[in-house]
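Listed next as structure tokens is one chain, alone, in the form predicted alone.
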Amino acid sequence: MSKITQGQKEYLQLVNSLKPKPPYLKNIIMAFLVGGLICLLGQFILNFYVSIGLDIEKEAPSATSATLVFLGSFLTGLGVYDQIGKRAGAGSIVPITGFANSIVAPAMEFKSEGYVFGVAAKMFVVAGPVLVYGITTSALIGLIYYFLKL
């Protein structure tokens, strides 16, 4: 192990004193507010679907999820969701709209490479592992549940 010299210690102290401090409180508040607003929008959409006659247990939640995925994808396509993400951080990633963004953003990035080798090949770069492990885990749990019911 090498020892740190006095000059290296002074340099590290200088670097640490000049390094900008991240605004943790602001980031936490923005993530909470934007994530909450996205969820509030989802609740309004759910209430709308219930008010037009969709079943609260089966149909309205599915329609709400599909609408939020569409909105996340559409806003990503327009470049708006990236701006929201820059200000909201994790608040824009956690809800279902963040999942839609994680699928559409890589596809748009590689659009210039063509529809097959660009869009189709890169669409699931980020979300692919999540889908694979999610579907595999749910199938295994379903099988375990099925065999325990026998």
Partner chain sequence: MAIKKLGAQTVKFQNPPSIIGTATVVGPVEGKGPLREYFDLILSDFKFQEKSWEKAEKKMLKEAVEMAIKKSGIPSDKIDYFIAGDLLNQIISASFAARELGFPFLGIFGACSTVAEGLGIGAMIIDGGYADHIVVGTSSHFCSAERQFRFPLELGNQRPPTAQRTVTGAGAAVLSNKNQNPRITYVTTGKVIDMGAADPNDMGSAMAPAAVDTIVTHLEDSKLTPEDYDLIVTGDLASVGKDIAQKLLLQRGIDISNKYTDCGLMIYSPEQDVHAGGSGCACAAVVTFGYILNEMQKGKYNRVLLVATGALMNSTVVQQGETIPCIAHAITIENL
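Being a predicted model, the structure only gives us computed values, none of them experimental. Positions refer to the first chain, counted from 1. C-alpha atoms forming the largest set that superposes within 1.5 Å between two forms make up the rigid core.
Below, we refer to the form predicted together with its partner chain, which is not included among the displayed structures.
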item: 4.5 Å heavy atom contact, D55 and its partner chain in the predicted bound form; value: no
item: Y49, heavy atom within 4.5 angstroms of its partner chain in the predicted bound form; value: no
item: Interface residues of 14-46 toward its partner chain, as seen in the predicted bound form [heavy atoms, 4.5 Å]; value: L14, V15, L18, K19, P20, K21, P22, N27
item: Rigid core superposition, N16 Cα moves 2 angstroms or more between the shown form and the other one; value: yes
